[in-house]
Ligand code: HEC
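Heads up, the chain below is alone and in the form predicted on its own; it's given as structure tokens.
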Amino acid sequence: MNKWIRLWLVCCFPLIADGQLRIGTGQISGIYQEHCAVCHGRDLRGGLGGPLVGQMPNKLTDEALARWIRDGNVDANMPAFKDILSEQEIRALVIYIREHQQMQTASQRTQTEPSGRGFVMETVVGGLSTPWGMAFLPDGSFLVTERSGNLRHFVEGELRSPVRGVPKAWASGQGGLLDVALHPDFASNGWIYLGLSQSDWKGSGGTAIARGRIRDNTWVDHEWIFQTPPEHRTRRSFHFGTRIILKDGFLFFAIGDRGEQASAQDLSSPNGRVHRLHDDGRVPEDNPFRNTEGAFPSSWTLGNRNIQGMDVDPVTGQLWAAEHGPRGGDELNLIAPGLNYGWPVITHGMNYDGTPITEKTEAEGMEQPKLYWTPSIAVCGIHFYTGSLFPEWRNHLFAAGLASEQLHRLKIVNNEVVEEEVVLRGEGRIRAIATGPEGAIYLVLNTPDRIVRLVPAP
């Protein structure tokens, strides 16, 4: 294979595959057509046997559907495939069926969904270049990052020129200037934190966290809080993770597996986990792996594929995170120290090319997600709403969908998701969510790149 084609595949394929853009393709499609289409139809809508996108299959759990495929059902004239298909292939077929069920449901919803909703969407600022994160300042203005490497300040209705002197980001693939967050005592200390990808002279990169202050639209007092050590950097330009949470004097941030799945289970690696530091970069003595020989000392969790959403429950103070699954298996997790969230040993998804990863969706010593989306919505930012304009939604968790272009509202009671609703769809890829000082819900959107806000309808 030509080396330039190989490089393009390594760097760009994860972006093309992002968020289920390859539904209906790959190995599992061929397996379905070979073994299942004669009975259930090439489009899963039925043939000699019943449809797989109707009411009955939708009611089956993943485990029940896998059992039908594995063991068959004499009463329904369903043959058993346990001697033909592996457990991994059976699991991949379940995901494939769920994908088509989702497309069917989405099509029906588009035809029947009422047009009325309890809010209106207003554009706040356009003309951005792949905005990624935002943070409100005490005066009501806000900062927004552009993945290309710019930090912009929106104040009094004006998008100012990029802040000068911000640390250089490696703007490649999914990397660049990513998240921005303010220190809880920003009003007195002025600290601003940035999450970014950076590369060295050899072209290998990793995730980094910096902090500094802004004076006269210039980045000053720069400090590196965290930089991926050289031995753990890679030329791959995806799965950087990176959301920043500052809480109780600690800094939490996430790094994805960087395309090396096994690193998420490797205690010596910084990849595939949540990290915890003091807000000045020191490693806390009570970190769960601090005194484990060979373990990366800032590790707070392990087994996370690619977290791009984190927030703190304003009621309980607990940390929640959302992470991209592969093809299927996006997760919402309650984050706690020392826990293993399973990737890649267990997952509710499969590879983007339709090949299976594992038949396991659970294993001893590994956490189950509080919610998972199969098919994937390409979940990104999450945010607990704390405003007053929508009192019925106060303290509910909102989750952003990239490929699905959906905004999900989740009601959480006793650490369990008890209600889910899609409140917005089709307005663009939703990257991040924030509560504005006036109580509006702000959304960072891509394609087209802009920031909007939701306010109550008149």
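Just so we're clear, the structure is a prediction, and the values are computed from it rather than from any experiment. In case it trips you up, residue 1 is the first one in the sequence shown, and so on.
Form predicted in complex with the named molecule: not shown, discussed below.
Shown alone, this chain has one stretch from 378-386, 292-300, 341-349, 75-83 that lies within 4.5 Å of the named molecule in the predicted bound form by heavy atoms: 75-83. Not one of M310, G317 and A336 comes within 4.5 Å of the named molecule in the predicted bound form, counting any heavy atom.
The closest non-hydrogen atom of L93 lies within 4.5 Å of the named molecule in the predicted bound form.
For the chain shown alone, C36 is a contact residue for the named molecule in the predicted bound form, at least one non-hydrogen atom being within 4.5 angstroms. Within this chain, L65 lines the site of the named molecule in the predicted bound form, having a heavy atom no more than 4.5 Å away.
At the 4.5 Å threshold, heavy atoms of L52 reach the named molecule in the predicted bound form. Among the residues I69, L402, I412, I433, the one placing a heavy atom within 4.5 Å of the named molecule in the predicted bound form is I69. Shown without its partner, this chain lists I97, I245, L143, L182 as candidates; in the predicted bound form, only I97 has a non-hydrogen atom within 4.5 angstroms of the named molecule.
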